[in-house]
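One chain follows as structure tokens, the form predicted alone.
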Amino acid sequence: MQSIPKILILGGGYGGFKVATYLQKHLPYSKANITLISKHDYHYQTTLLHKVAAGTYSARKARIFFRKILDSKKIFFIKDTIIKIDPENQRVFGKNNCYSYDYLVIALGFSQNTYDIKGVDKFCYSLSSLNSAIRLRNNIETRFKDFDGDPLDLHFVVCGSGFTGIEFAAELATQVNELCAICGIDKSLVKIICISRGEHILPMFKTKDANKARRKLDKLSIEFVKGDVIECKKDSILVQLPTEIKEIKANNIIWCAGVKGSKVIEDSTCFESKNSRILVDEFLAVPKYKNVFVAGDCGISQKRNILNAPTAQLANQMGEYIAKNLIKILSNQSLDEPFVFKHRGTVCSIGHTDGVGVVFKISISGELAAFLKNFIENKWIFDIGGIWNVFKKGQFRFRSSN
């Protein structure tokens, strides 16, 4: 008898989890043996990490456990950390075992890109994972709770003016009044400074929308410094300005200045890659290995209109597309529809009840933007876990950890 093909999914982020849940719904269990491997036994929404770090969204709510969502009769889950991929022999090496496959989906997510700047790894907090967000949250709580008069303990420098940096800075700024009231601290002692390389924050937005966000952030007393970070220290950061090097003193430095693909890609030398992201064709397959597909932050294409900047929306669409292609392959159908990203819009939250965004090319802001941001988050939770999961894990207009 012909053996049942083995599908191996690496990573439980937006891309990998979407592949698994779509196959669970649409592929009969007898068609393939499907295994999802992740270093965590839970999925978390990276778009909510700034809320976890600021203490407005609990880490307990942020976790969506795979074994509660996946049907064990259709999807087998393994908790392991992937070390290396060997596509020549159709093997994947983890810390605990070696896994073989007939079809492979690489969706290992992103890692922090430090650009080899001195001190970033040693002295900066990041928002690259749920655990890193929890560490930052604990640090913030400690700084306020145990404040002993050192003003630098209440100075926060956010490196990066993209989505992650702006959303975190805004979320923290909206909590300053409450944190100071609880801990008996003068609000004027708190400083939040954002380092931006470009003239405008949120470079994915048009100038008018970015300026709108900037005005909202100014009202939250967030300071901006335009320049390039050249070194991070224990209690300060060096920024190259047009005419001088400026040292900004702070005991809390948060790195949100860029991401790259998984380190596993670097260690798997068989793949042609760029910035730790594998080059893929129009079907999101690796040209040299047609049985290997890539979803999310690990994939990149040199062709226009195939892959945009890595986002959760893109990873979600890539995951569903790959799942559909796998169903076609198992049904002996040819792949004839290239992947096309359908950009439905982008919303940046500025605190829990404010935001700026573009939806279907229409600019929005204020509570409407905040509502749509929550709707987007809840739709993802609904897609993978149903309506009851939304009630337990979802974002709502007046609901937060407070």
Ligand SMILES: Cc1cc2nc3c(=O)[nH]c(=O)nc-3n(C[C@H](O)[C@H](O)[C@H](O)COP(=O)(O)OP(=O)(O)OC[C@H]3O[C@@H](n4cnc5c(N)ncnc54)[C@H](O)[C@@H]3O)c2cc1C
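In this text, residue numbers run from 1 along the sequence as written. Small disclaimer: the values here were computed from a predicted structure and weren't measured.
The same protein also exists as the form predicted in complex with the ligand; that form is not shown, yet it is the one meant from here on.
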Check your understanding: Heavy atoms within 4.5 Å of the ligand in the predicted bound form: which stretch among 146 to 154, 104 to 112, 244 to 252, 175 to 183?
Key -> 104 to 112
Review point. Any chance 11, 313 and 347 all have a heavy atom within 4.5 Å of the ligand in the predicted bound form?
Key: yes
Point to revise | Of 47, 374, 56, 365, the one that lies within 4.5 Å of the ligand in the predicted bound form (heavy atoms) | key: 47
Practice item. Would you mind picking the one in 190, 195, 232, 127 that has a heavy atom within 4.5 Å of the ligand in the predicted bound form? Key: 127
Point to revise | residue 80: touches the ligand in the predicted bound form, heavy atom cutoff 4.5 angstroms | key: yes
Review point. For residue 296, is any heavy atom within 4.5 Å of the ligand in the predicted bound form, or not?
Key: yes
Point to revise | Contact flag, residue 161 vs the ligand in the predicted bound form, heavy atom cut 4.5 Å | key: no
Check your understanding: For residue 39, is any heavy atom within 4.5 Å of the ligand in the predicted bound form, or not?
Key -> yes
Review point. Though the partner is not shown here, which residues of 263 to 285 have a heavy atom within 4.5 Å of the ligand in the predicted bound form?
Key: 264
